[in-house]
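Each of two forms of one protein chain follows alone as structure tokens, named structure 1 and structure 2.
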Structure 1
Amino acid sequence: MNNVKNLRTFPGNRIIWHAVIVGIVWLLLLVLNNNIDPLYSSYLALVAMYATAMFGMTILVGLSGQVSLGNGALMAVGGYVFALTSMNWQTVPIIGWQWNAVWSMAFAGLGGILIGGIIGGLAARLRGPYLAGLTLGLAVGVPAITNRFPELLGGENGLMLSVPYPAGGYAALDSALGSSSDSSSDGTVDPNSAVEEDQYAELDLSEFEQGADLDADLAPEDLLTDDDLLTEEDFGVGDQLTDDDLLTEEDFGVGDQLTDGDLLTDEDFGTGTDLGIDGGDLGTDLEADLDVGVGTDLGTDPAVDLTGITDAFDSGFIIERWQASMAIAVACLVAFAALNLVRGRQGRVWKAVRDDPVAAAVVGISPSGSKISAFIVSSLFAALAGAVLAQILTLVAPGAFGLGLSLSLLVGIVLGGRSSLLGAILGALLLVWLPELVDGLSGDRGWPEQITNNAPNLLYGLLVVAVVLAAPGGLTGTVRAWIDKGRGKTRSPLS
């Protein structure tokens, strides 16, 4: 009995248990992802992405008691940092290690921490509608800033990323299509590119030097003059075409016309054996039948690397499942960090400032420091979610991080439960499920497209009103209140 008690009071016991719980959930989600349709894997990826962002909303809105309408803009910060570092950096600064997507995620998180610290410092002096106005300006302003720097941030069209296949690495789509032979997908220089450049080394290009004066190499008699041009006098009357020179139907005999008997039919073609190819194996083992090798016997240069093409058509790889696995991994890591913060000392500090800032200041807690730390953590999680969204969409554009995204995050956290990490997950499920529900209803009833596009927003609004009036604590808060009522306990719906 004493051993069990000592295990419960072990200093790292809470962290160990949280790691076990998150690890089990991670494994279960991976098994689920590998056994469902790819379409549902894409939905699972979106749920994990929304949950990652709303874990930060739980800390900022639920525990710290602040209002934020700009977390979508913080996701944009993470998405753009991820895209810019992935497309432009080949090695890790200072360290010099090979660059990959993990480093881009790390730098996206650092960008979120930096912006979160700045916004948190300003927000620490504000509250209520003034704080909401600040974050609303952030949500509107950040996407607009991207349009001011089209050369760097792509303007309204944004930055297109190449599909992140398992070989790793990200690059701009135009460079992936136009210069794939010069660099590999992870940003490293392809050793075969040197061979490809050397194939032009034997060409003598000295005669085509830029700026060469071609007139100096031509003698005066080689130049054309007006006397060399043909005029009307050079053509006689007999050289002109008349109506009599045109062919008519009378010039063709009956035997010259095509009939059905002249058309080729299936009987005129033999089987694949007539071509020296086994017809039974045609389309299954073409490489063996033709006795060719990729990039060698086809007459192509051996420097041409076709591995990227074969990976793209690898039937064993499904991009939706890969994206879901990546999003689940990030969501579980963020959930582990959030769980330890919420259940630890920092979580109690945030709750104390939320409930009574004056009393918290009396016991030595800095209300402004607590608010800034909540903004930093929330911005970190939002930036990571933005980096995940960039990989799901393979695109980073202002339209993907508009005001609607910030409002959706706030609606999701209110519906699921402001003070519960489980509520963040439920809110993420609702954000993904409600639009699909509306699409299904519109398809069955033949609703116009305009109604279908606006119906999810209407449902969000109605649900928020219903939750605020009937269940202030959201789904999780209401369920816990019912459980406590059955046990004879009382608890604030926001606790």
Structure 2
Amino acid sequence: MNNVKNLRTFPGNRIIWHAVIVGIVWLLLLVLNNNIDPLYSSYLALVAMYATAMFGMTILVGLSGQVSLGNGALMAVGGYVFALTSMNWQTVPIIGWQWNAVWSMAFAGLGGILIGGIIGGLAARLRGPYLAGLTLGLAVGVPAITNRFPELLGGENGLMLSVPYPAGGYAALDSALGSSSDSSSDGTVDPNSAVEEDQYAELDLSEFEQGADLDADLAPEDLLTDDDLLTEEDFGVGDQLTDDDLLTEEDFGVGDQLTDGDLLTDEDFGTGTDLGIDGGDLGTDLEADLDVGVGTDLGTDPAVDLTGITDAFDSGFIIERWQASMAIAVACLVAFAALNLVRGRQGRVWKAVRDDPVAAAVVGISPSGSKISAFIVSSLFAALAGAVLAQILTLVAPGAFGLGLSLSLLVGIVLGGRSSLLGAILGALLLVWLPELVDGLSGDRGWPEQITNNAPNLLYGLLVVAVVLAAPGGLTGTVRAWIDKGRGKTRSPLS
């Protein structure tokens, strides 16, 4: 312990100290990730992703005192830059190196810095609710932009990324399916190409066009008349069907009365012998027609051979673990940067401006510069988190980066405690854990549908209120207030 204390007294060694701390945590998380059920790895990935974004919230909301309702939109910027660069660029511009996901992450971060600078410049002039208003506008307006550029940004459905494999690259999925036509030369697959190209070969529907008068009906000048319209009776059951063959209310709870098996025949059903081909014949005839039409034996078509999928899946690659380790890596790197910023000079600058901008200006700190830098850092972190989320979802779509995400980040940071990075981690855990908790509490108890459906949301809303009430300043703030109280100090939970 003494050595540790000595280490910490040297400010020059602070960075090394932080590196050691983060390194140990990183290692522990990786060990954890490799030893838990993949389900918990998937939660771990989400926690790490949220934590990455919320380290930025700690700096922006906690240290710099700027309330943002729009960091989800900044995540969207990172996610879309990640998706667009990894889908469209095979080599690094200018340098010409082989492209990979790390480059996309770097560009996502760059996008975050740029947009953070622009928004931060605007935001630095604003106070409190006006900033909230601007960022709320961002949270709604930025996802709406994707619909303006459907060709580039995929519109409402977004852009799909292929599932990455550690070995064999992005092509593994398709080769497992026995298809190579979608693979580009570098082994990447653009899943969106499926939507771009006209993959829908016209089906051979000729079998349905049997019937004497249909050719006439299809002639362009021939128009529909009332005679061509069915009436309700054409769908009716008809007299031939006996009541015993129909399900009635009496059938419930008396399953033993049912005799097995025998189906109604088509002769028993309907009145419309004039309606063209008979339903019963249809089934068998069509099967024959189809075989001729498609020209392959359905049973042995290589495209239906599903062995490849399961083989690929069984090869030991667990995607949840991969996603979690990727998310943890980003979170740890961001945590390292955040620790150094928060514990260093810049952290004191942000706090000074938050607490007293006038005094800060007197000692030579630019209040707006400080606010802009906080926005840039938080935007960078948000963009990196967005790139991580894009990889977890293998998708970027406006619905995933909506107002709900922005508000979640603020809820998380307020509940966890906004003045320390630990609060961000706690908040990230809460964001993932609380929905599980309320689902567990409000599981199906045989209540009516509309109660059961809404119970988790009701509990979630009440829990958010309860945590704010019980722990003003968030969990970390409250715990620290208790500790200080125990030591006889008094300070606001927010300081």
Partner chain sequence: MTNFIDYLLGGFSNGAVIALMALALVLVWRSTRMVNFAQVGQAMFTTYVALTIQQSTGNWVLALLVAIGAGAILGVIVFFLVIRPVKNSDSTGAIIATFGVLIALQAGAGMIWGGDPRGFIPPVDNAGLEFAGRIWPISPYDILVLSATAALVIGLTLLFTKTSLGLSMRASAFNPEVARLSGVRVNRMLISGWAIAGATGAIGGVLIAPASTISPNSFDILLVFAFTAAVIGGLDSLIGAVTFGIGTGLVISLVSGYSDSGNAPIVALVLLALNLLLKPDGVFGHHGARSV
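The term rigid core refers to the maximal set of C-alpha atoms that superpose within 1.5 Å between the two forms. Since the structure is predicted, the reported quantities are computational estimates derived from the model, not experimental observations. Sequence positions of structure 1, starting at 1, serve as the residue numbers.
The form predicted in complex with its partner chain corresponds to structure 2; structure 1 is the other form. Once the rigid core is overlaid between structure 1 and structure 2, residue 471 counts among the residues whose Cα shifts by 2 Å or more. If you overlay the core, the Cα of residue 450 moves by 5.6 Å between structure 1 and structure 2.
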